[in-house]
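Quick setup: one chain, the form predicted on its own, written in structure tokens, and binding and motion questions come after.
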Amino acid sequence: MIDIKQLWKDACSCVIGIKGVNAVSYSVWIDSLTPLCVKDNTLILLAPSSNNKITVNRSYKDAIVEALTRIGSMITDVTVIIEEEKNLYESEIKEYSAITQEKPALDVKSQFIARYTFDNFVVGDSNNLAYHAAINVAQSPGVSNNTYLAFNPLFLYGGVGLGKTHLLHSIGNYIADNHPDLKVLYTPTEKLINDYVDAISSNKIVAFRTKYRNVDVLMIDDVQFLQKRVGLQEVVFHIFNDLYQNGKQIVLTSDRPPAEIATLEDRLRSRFEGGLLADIGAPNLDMRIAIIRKKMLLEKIAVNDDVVYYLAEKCDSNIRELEGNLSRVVFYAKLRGLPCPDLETAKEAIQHTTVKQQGVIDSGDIINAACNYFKITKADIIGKKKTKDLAEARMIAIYLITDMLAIPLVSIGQLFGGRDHTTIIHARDKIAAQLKENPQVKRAVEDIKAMLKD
């Protein structure tokens, strides 16, 4: 009989990077699933809530099935259920429960992805400071003498897919192995927000604060999502102070430095900047080649050198995408019965990633992306309201359309409620000037462009 817990563990170890699954979405949505049984080559997973079930079915089911395929299982489908539906699989669950009961309870280390360790992190000029700072924190978490004082908090920042979460999980895995007496809590900011909302709605805010204060090491991923969350920022500020004053370690990650996180309270920004800020930049070509070869070694796969160089040249800014492309090429070659993927197979396997950005973005895509980024409606962005937030969002959308598309200024004006071409020129030129002096505007433009590439 299949050991479904081991099967699920193996699948989870490789699901990140498949079809949009990142460390945050894994932690919030997939890690909360529990394998129950297998019926007719379908893995039955228990979700903690109806919302979790709906989200997994809508956004992550295909990725889970692909992960199960990659590990060589015979599972062909996944069914996600909630507690009320368990009776539909009563006999199968009972059959598999014996194996489940034999397994020990999950420990602290279960919070962290096992394959994210310092040993398999490729170090280069772009991440050298962050890597060594992370090792120092892992070896001596919360130490408050002169040598390590500046490492608390440790604030790691950089673009999407460059290794921040890898280092965060490496710290967690190291502490779990070498400091098993320490209580460690890892949370994506999205989960922190959900916990806070639940605590407010159920009048359990004291329990919420206790949960996050009663730890030796607190690790928060993607803290840029705290922006505009004024109430939660207040709570995080006090949690931060309690931990720091008691010599507890705090590790934070973000896609930008604290100074560029919009609407972050000054006192919280000051706390974030009070330790060590470590930037993680994009890898150069040699480092990208090293990353591919390291993954080949870890996964025990063989790829020709020309394929390695092709992949390294095609993806120059996102390590997660780079590793995902390698997995896709190997899997594609396997489907075609090839023992080792050649260059033509590689080109065919990732062609969708190289043509996706060509000729498919239109003005509607840019307007929608700007609306999603600034959390406003299309009616707001093309309407007549001139509040500061709406005006900035509108001008950024106009700038992006002029920058990315060959559309006449008069036509752009029509897209934005019939504005004349001089208004469009003013918006374009104002944002172009602010890109040189306003880091928040520059970040917004970069983020929206990144959204359009996904």
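Because the structure is predicted, anything quoted here is derived from the model rather than measured. One-based numbering along the sequence shown.
Another form, the form predicted in complex with a small molecule, is not on view; read the next lines as being about it.
J.: Examine Asn120 and determine whether its closest non-hydrogen atom to the small molecule in the predicted complex is within 4.5 angstroms.
T.: Close contact exists here: in the predicted complex, Asn120 approaches the small molecule to within 4.5 Å, heavy atoms only.
J.: Indicate whether Tyr212 is a 4.5 Å heavy atom neighbour of the small molecule in the predicted complex.
T.: Tyr212 lies outside the contact set for the small molecule.
J.: With a cut-off of 4.5 Å between heavy atoms, is Arg320 one of the residues that contacts the small molecule in the predicted complex?
T.: Arg320: contacts the small molecule in the predicted complex.
J.: So in the predicted complex, is the small molecule close enough to Gly159 to count as touching (4.5 Å, heavy atoms)?
T.: Yes, Gly159 is a contact residue.
J.: Which of these stretches, 268 to 276, 329 to 337, 164 to 172, 307 to 315, has heavy atoms within 4.5 Å of the small molecule in the predicted complex?
T.: Of the options given, it is 164 to 172.
J.: Would the small molecule in the predicted complex be within 4.5 angstroms of a non-hydrogen atom of every residue among Tyr116, Asn127 and Ile291?
T.: Yes, all three are in contact.
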